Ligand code: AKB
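Okay, here we've got a single chain as structure tokens, the form predicted on its own, with questions on binding and movement later.
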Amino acid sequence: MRKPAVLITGASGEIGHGLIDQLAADGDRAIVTLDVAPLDASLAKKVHRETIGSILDRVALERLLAEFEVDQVFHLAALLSTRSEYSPLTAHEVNVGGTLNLLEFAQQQSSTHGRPVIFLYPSSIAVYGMPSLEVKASAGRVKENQWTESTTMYGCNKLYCEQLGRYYARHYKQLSAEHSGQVDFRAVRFPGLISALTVPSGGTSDYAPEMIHAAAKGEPYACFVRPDARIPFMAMPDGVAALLTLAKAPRAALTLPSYNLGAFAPTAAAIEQEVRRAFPKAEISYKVDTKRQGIVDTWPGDVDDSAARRDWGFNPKHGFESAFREYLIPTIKKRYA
């Protein structure tokens, strides 16, 4: 007899860590993970089944389908924005092909146990493409249906996968006699996620955490965007909490397949000022990387997340000051103490 379970792909990342901790504490279903990287030992013991493998491996998914009754999927696995620009074909294979495999897996699960599978999908502000700085400045807080003309492979992948999710939820095999779309697809468009627990790895929005880490280590930092560069950000714990909150929301309350999320939208200069407040001797300068700056310029200066707040109670704990003063800077200081 198959066991009720939640499946987390890309579980070895920090969002996966947060989800595993909370879902294990709730204890209402077994946790099954799929990732190319192994889990930390402290997390692995909280998981019922850890599968080391790729989301492109349909055989691995079929094994999970046979053994578990998955009624929730958190599909976190992806090739991220910077790497996607260097390897666009691989990005498409992983981000689109992998997501299609997971959507088909969820559809098969729902067909076998007769109820919808809730499918949580983290999308991104990379789906947006502002055509100029003038438009970005005048656009204000961008809504979900505005300026979705991404200039990056990662953004194109994410936007298309949102559409695939909508298809599986509403129009799956619509000409077939056995039409039975059973995937309850729910997506959030994350802003730049800033973590205190992981070291930044050169992502397009990583100038904020890079600035803190360099200051905490007493190293000089040359910021790769202009002082006036602005995009929305969120503290990592609020991102994890948002996914869990959306997963529990009543289906009838949801009016959109994909929701904007935001928390604060400082300029790079404002981030610098906050870092200097905590590290008065910080050496911070600006050496603009025109290519990465060009991508940041296409992302909104801020997003309108009123639909998420209205429909399912999205309410991030951290604003700009509290994210830096209560979460990021104290935690990163301890790392290098």
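Sequential numbering from 1, following the sequence displayed. Fair warning: this is a prediction, and the values are worked out from it, not measured in the lab.
There is another form of the same protein, the form predicted in complex with ligand AKB; it is not shown, and what comes next is about it.
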Examine Ile125 and determine whether its closest non-hydrogen atom to ligand AKB in the predicted bound form is within 4.5 angstroms. yes
Even though ligand AKB is not shown here, does Val96 get within 4.5 Å of it in the predicted bound form, heavy atoms only? no
Tyr154 within 4.5 Å of ligand AKB in the predicted bound form, heavy atoms: yes
With the cut-off set at 4.5 Å between non-hydrogen atoms, does Gly203 touch ligand AKB in the predicted bound form? yes
Partner-contacting position among Ser81, Ser258, Gln72, Asn101 - heavy atom within 4.5 Å of ligand AKB in the predicted bound form: Ser81
Partner absent here, but in the predicted bound form, which of 141-149, 167-175, 261-269, 117-125 has residues with a heavy atom within 4.5 Å of ligand AKB? 117-125
Across 295-319, the residues having a non-hydrogen atom within 4.5 Å of ligand AKB in the predicted bound form turn out to be Trp299
